[in-house]
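Here we start with a single chain on its own, the form predicted on its own, put down as structure tokens.
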Amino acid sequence: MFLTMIKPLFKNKKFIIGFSIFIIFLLMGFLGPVFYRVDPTEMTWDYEQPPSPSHPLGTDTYGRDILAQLFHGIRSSLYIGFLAAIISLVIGTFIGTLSAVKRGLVDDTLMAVTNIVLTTPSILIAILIASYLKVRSIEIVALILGLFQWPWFARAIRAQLMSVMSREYVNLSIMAGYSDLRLIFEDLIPTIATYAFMSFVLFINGGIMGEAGLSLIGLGPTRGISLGIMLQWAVLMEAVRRGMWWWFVPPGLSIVAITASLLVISTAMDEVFNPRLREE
């Protein structure tokens, strides 16, 4: 079923371009550290060196290899994006489907909570939570970001499922005595699979951008290396003013390329799966 669903995507040029770029960075993040075995935290006397044969992307103020940092940073940022996306998708799916199935007081309560989270300046809440944590692991940062991305998705799938609930085959399932859980997984979830896939891509994008934003203001992960942390180090050491382009350009371009590829993928999926936008 999954292969049948994604097969039309590979006929779309936008999807192929976006997916290819994303895969390149995915391979860089997971295979780069395997083949380029340089410790990204090791300090050397080759500090602030421009790109050279010994350091292909140069070194920072502490003599740490930028290319090694980039490979590890891409992997960490993608991990945060995926983890935040999973958290958002699970919360949004749970609240949206439960609201559509239960309706009444349950629906009103869940939608009230959703509206509160939706209207709350999530980035400010994330900043407040992160600022109170002295130690922030990659997983904690992903959790903070994932907790505030889901409201629009929950509202969207609730609206879709409310329409699905009025269909004849769903009514037959209810008459047959299906439990709410069975009804959700057998009759409702399959109808929003493509939309959930598209939303998951956007959630990854939001997680990567969110981590970069938190890291730039010093509230990212306290351990490890990410693309946002690389930019933070470059800003703190005034790499832009001092012309050390090899320090801030690679992580900056990586963030732009990854997020742009995800947006292209999402747009292509919308064109393929949305009948109104589907090209004849």
Partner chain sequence: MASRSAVKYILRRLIFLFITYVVATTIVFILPRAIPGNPLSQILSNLSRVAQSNPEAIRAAEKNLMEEFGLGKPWYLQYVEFIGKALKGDLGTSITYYPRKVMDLIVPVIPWTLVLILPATIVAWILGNSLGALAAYRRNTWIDKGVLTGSLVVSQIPYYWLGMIFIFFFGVKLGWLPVQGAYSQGTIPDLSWAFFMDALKHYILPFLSIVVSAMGGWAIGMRLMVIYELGSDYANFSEYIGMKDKRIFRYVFRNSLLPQVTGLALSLGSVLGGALITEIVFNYPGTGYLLFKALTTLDYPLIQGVFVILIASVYLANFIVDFVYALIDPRIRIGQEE
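Values in this document were obtained by computation on a predicted structure and should not be read as measured data. Positions refer to the first chain, counted from 1.
Keep in mind that the form predicted in complex with the partner chain is not shown, yet the notes after this line are about it.
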Worksheet entry | Heavy atom within 4.5 Å of the partner chain in the predicted complex - the one residue of G63, G252, P56, P33 that qualifies | G252
Discussion item. Does any part of M43 reach within 4.5 Å of the partner chain in the predicted complex? Heavy atoms only, please.
Written reply: no
Discussion item. Although the partner isn't part of this model, could you tell me whether D39 comes within 4.5 Å of the partner chain in the predicted complex, counting any heavy atom of the residue?
Written reply: no
Discussion item. Please tell me whether any heavy atom belonging to N205 falls inside 4.5 Å of a heavy atom of the partner chain, as the geometry stands in the predicted complex.
Written reply: yes
Fill in: the partner chain contact in the predicted complex: L231, any heavy atom under 4.5 Å
yes
Worksheet item: Residues in which of 22-30, 48-56, 66-74, 243-251 have heavy atoms within 4.5 Å of the partner chain in the predicted complex?
Response: 243-251
Discussion item. In the predicted complex, does each of L9, V90 and D107 have a heavy atom within 4.5 Å of the partner chain?
Written reply: no
Worksheet item: Of 124-143, which residues get within 4.5 Å of the partner chain in the predicted complex if you count heavy atoms?
Response: L124, I125, I127, L128, I129, S131, Y132, L133, K134
